[in-house]
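One chain follows as structure tokens, the form predicted on its own.
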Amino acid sequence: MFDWLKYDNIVKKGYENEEKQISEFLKRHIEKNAQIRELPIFNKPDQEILNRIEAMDIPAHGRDSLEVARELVDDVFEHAMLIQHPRFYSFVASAVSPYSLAGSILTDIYNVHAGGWELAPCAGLIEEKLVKWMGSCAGYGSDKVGGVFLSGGSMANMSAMVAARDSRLTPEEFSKGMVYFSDQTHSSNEKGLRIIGFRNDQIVKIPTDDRFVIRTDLLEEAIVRDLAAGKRPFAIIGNIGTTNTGSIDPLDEMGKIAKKYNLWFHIDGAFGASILISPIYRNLAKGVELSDSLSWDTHKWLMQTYSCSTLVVKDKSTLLNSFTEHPEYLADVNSSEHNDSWDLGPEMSRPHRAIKLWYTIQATGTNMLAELIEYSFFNANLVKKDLKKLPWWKIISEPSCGTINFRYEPEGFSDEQINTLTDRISKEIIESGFAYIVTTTLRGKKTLRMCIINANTTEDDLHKTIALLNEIAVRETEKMRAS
């Protein structure tokens, strides 16, 4: 039988231990962050650690909590990729604001349920205000703007497509529905469409031009062709900041096409939508105001801890139409004045992801965050300048949204040999522990990709990284020539 008094004592002891743990580990984290530039990016776990975790049982009786916490820090967290490192240039990873961390800790401590308005009205108001602010950044002037914070771009993009489907198609037309986006669009869009029931032949990838942005002439041709074949085009997806190249599609042209054919226009801004807060670079997203919905991951470029993504729509009734359910067990907590978050997206039980972004913006202001965006553009151009000074380096995609692709093309090497060389350069710089740079493939060419959006990355970091890349490239080229 459950012994409540015993349990109560365990809980009290647990809180006492947690106070010590949080203080100890937060201090350790701060000290580590202060010297992060001198640390290797990845302290890979050895086999002994992996074996030790593998051998652990799921216990019937608990162990000392301080021991468990130290095991987690020493064996798990200390052996994860240090993506906050200023020379971690891969994926789309940013430094984390201490205010986001504080907001995240507070959210976890208070364990706010963010599903319904009545459960946490003040927290709900913060989320609502942030959604409206993000909508205003996108030029959504209507008072109908709404949205919801979600786990990431994958959920935001999929939820947008649910709203698009329900807005533009009848259930009988689902099997004929067609969606269009560029061959550089993030894979989450295709995956999400399949999850909500669309076949591969209903998903049309449009080729991109030499700037890696969608060819709108081919987009319109595909729409016209499918209409003539009796299909039902219903949505197009544009990009602000593709993952591969940071490219921004011609949103103005796409918006006009969407209006012409009455298509839902969604913009995947998971990575690049943060440029909308920059008075200098927001003009690159001209046409965003023509869209019906926008995904925006602030855990990518606005220094938030995972996860903190937002889906913003011009007309919140489209989300309510797709996601509203009013079961009897929620009757007493449904809000009549405000929209409940569980009616705006797929989640019911959900953490309050907006709090940490609110904390960050209130503590720093938007001007500093805008300067971070602008600094990222500066740094990507700095890399280009450094590469231009060295022989055999070729820019494959121009700097955009802090991202640049390039590769070493020594004389006499075939494309296949250069692809192999590129892999070797990436492997060597990663193994050095100095910087983390992986490859991607553009037009069949293996390239080195640098995404430089970390606020802690300095000009010196970049100069040294390019110098080391060149040193490795020259050395590996000599080895390949010799073999």
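Just so we're clear, the structure is a prediction, and the values are computed from it rather than from any experiment. Just count from 1 along the sequence shown to find any residue number.
Not pictured, yet referred to below: the form predicted together with a small molecule.
Within this chain, Thr243 lines the site of the small molecule in the predicted bound form, having a heavy atom no more than 4.5 Å away.
Although the partner is absent from this view, Gly153 contacts the small molecule in the predicted bound form, with a non-hydrogen atom inside 4.5 angstroms. At the 4.5 Å threshold, heavy atoms of Arg87 stay clear of the small molecule in the predicted bound form, well away from it. Ala270 belongs to the set of residues with a heavy atom inside 4.5 Å of the small molecule in the predicted bound form. The candidate stretches are 392-400, 221-229, 78-86, 293-301, and the one lying within 4.5 Å of the small molecule in the predicted bound form by heavy atoms is 293-301. Residue in contact with the small molecule in the predicted bound form (any heavy atom within 4.5 Å), chosen from Met134, Val92, Val383, Ala114: Val92. Just one of Thr305, Thr364, Ser188, Thr216 comes within 4.5 Å of the small molecule in the predicted bound form, counting any heavy atom, and that one is Ser188.
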